[in-house]
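To begin, one chain is listed below as structure tokens, in the form predicted on its own.
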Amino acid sequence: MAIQLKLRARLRLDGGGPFATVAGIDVSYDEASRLMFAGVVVMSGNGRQVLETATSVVAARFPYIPGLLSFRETPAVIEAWTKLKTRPDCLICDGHGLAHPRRFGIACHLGLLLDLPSIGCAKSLLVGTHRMPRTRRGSVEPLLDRGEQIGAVVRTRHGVAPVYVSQGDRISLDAAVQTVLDTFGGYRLPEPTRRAHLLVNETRLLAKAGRSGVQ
């Protein structure tokens, strides 16, 4: 927690796109072991073309503690990231950025480590309160905590549950929201993180099949 509070002071909460390339990041767990499966999918800025993918399989060395997941998951993400030949212009994490009790979620952590504009786009609320946005795609409501706006609740698809968007590093909230909407591929999640989610689950299932001897 002390590390998070110290690093939070280094965040730069301005800047924006549009970005030529955007990477989606996700991590999946093996329930039967300590293994984590990280995936990075680099796509065009409109979320229509996959340019490169990378994965890693890493044993967790940090315990599962809510609010400190970046310390557990970041090593796996960094290992996958080092395999990329393409350096993306921005990254979207399946997790939170400023919308975190200490304003330092995994999107902030990775943004600082990788020195890139970074965005948190989560499926569920971690902290804060909000009004529900209208059902129309593109509707946005502020996410507030103790009188501070820490993110935005964004309807990415008409009539579908919204996502929770927050800044990581080197990006404004408006630019973060616009990037999530720009990379829409017809689903609730932005296409880069949706593809990363599919990639890590496929990697996990292949690893499980290999251990069981199933081809």
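Given the structure is predicted, the values throughout are model-derived calculations rather than measurements. Residues carry their position along the shown sequence, with the first being 1.
Only in words, not in the display: the form predicted in complex with the DNA, which the text now covers.
Just to confirm, F184 within 4.5 Å of the DNA in the model of the complex by heavy atoms?
Outside the cut-off, so no.
Though only this chain appears here, would I78 touch the DNA in the model of the complex if you measure heavy atom gaps against 4.5 Å?
No, I78 stays farther than 4.5 Å from the DNA in the model of the complex.
Would you check, heavy atoms only and a 4.5 Å threshold, whether N201 touches the DNA in the model of the complex?
It does: once the DNA is placed as it appears in the model of the complex, N201 has a heavy atom within 4.5 Å of it.
In the model of the complex, is there a heavy atom of the DNA that lies within 4.5 Å of any heavy atom of V27, even though the partner is absent here?
Close contact exists here: in the model of the complex, V27 approaches the DNA to within 4.5 Å, heavy atoms only.
Listed range touching the DNA, judged in the model of the complex by heavy atoms within 4.5 Å, from 111-119, 83-91, 136-144, 98-106
It is 98-106 that comes within 4.5 Å of the partner.
Can you list, in sequence order, the residues from 123-142 that come within 4.5 Å of the DNA in the model of the complex, counting heavy atoms only?
Heavy-atom contacts to the DNA in the model of the complex: K123, S124, L125, L126.
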